[in-house]
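Here you get one chain, nothing else, as structure tokens; it is the form predicted alone.
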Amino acid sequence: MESLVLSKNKLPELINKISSEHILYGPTEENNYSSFKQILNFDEMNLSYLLSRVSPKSILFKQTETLFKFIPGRKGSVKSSEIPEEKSVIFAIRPCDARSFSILDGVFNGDYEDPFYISKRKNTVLIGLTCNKPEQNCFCTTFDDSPGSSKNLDILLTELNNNYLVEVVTEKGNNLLKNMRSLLKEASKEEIQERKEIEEHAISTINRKMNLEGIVPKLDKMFDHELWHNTAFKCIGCGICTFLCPTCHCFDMQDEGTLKEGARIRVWDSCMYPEYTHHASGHNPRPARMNRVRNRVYHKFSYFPKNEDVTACTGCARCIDYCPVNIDIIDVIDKVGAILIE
């Protein structure tokens, strides 16, 4: 892994070079919230953000996406939407959000391949930004991750005093910087050490941790436990936890159109809504809120570890920070761990 240095006053030039050759997405501020949007010039970005409200997964797994269009009738036709091939860059993504893509890869590039996600993933470069000051509810270290992890990134930037340490992690990242080498210089040992110390300090400030030891077999014995009823009693079923989660991927298919033309559209959905599992027969296998609250926990902390050998959580804490009734997923898992099961 190559370590380089970029002066802060040269960052706008780097950004403008990237945006001239790629579709560039970066953090912007709107109505006191951060969100990832397409960036046309450096001044649009807000690099002082910690986490965007909606995760950058919405760039590769769009909230609304047309899969194909059709003309009904005897002489009808179907026209598939073009698979996106444009080159893009997600700039200043946090390491926990980058990790979410490695989890979603198993969903959209598994037994059934999703060409829309796969193409965007293949053609997107992830440039991360170290969390120098994690938030109070962050718990990424639970998953052997770090505020300064480069594991799921192509390039990682760490803010120093007057510079950014630039770590080139993959060949994709190296190719992106080929025509921008004049803006960079080789990092000194002192700068590399400073980056290490910043990461160590950031890790030391993370006070919350989820104890996952033995959770999977424990959940196997707790399907009908009163814990799910007690947790659901507090939940209002708004779905915020799922829509803001960087690893949730539930979606619905909707056909929309007129007598002359129509389209099949994929839209985000939530397992916290009763309609999500409502069968055409009228039967609903998850009729009560308790069933849906339980399913969300089991999906991330039981089914995913069993099927994909990974927990479907990144420790970003969005579900904790934005829950209107203060349901805390760390507390829920800690309660699971504390319950004695024979």
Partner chain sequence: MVDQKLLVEEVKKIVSQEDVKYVIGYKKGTYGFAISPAFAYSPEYVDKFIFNPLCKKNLAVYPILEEKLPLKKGEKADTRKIGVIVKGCDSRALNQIIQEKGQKRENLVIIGIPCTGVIDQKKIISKFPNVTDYTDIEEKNGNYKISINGEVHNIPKEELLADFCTSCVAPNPVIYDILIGDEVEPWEPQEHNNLKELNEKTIEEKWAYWEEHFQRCIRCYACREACPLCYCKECMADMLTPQWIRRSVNLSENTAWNIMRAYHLAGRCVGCGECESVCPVNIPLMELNKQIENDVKEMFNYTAGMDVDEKPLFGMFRPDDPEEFIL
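If you're wondering where the values come from, they're calculated on a predicted model, not measured in any experiment. Numbering follows the first chain given and starts at 1.
Keep in mind the form predicted in complex with its partner chain is missing from the figure; the text below concerns it.
Peer 1: Taking heavy atoms only, is Ile198 within 4.5 angstroms of its partner chain in the predicted bound form?
Peer 2: No, no contact at 4.5 Å.
Peer 1: In the predicted bound form, does Leu40 come within 4.5 Å of its partner chain, counting heavy atoms only?
Peer 2: Judged by the heavy-atom cut-off of 4.5 Å, Leu40 is well away from its partner chain in the predicted bound form.
Peer 1: Give a yes or no for Glu194: in the predicted bound form, does one of its heavy atoms lie within 4.5 Å of a heavy atom belonging to its partner chain?
Peer 2: Heavy-atom contact with its partner chain at 4.5 Å: absent for Glu194.
Peer 1: Counting only non-hydrogen atoms and a 4.5 angstroms cut-off, does Ile59 reach its partner chain in the predicted bound form?
Peer 2: No, no contact at 4.5 Å.
Peer 1: Can you check 153-161, 256-264, 119-127, 94-102 and let me know which stretch has heavy atoms within 4.5 Å of its partner chain in the predicted bound form?
Peer 2: Result for this chain: 256-264.
Peer 1: Counting any non-hydrogen atom inside 4.5 Å, which residue from Ile215, Cys238, Leu184, Leu227 sits next to its partner chain in the predicted bound form?
Peer 2: By the 4.5 Å heavy-atom cutoff, the listed residue in contact is Cys238.
Peer 1: Of the residues Asn211, Asn179, Asn207, Ser188, which one places a heavy atom within 4.5 Å of its partner chain in the predicted bound form?
Peer 2: Result of the distance check: Asn207.
Peer 1: Using a 4.5 Å heavy atom cutoff, which residues in 63-93 contact its partner chain in the predicted bound form? It's fine if the answer is none.
Peer 2: Gln63, Thr64 sit within 4.5 Å of the partner.
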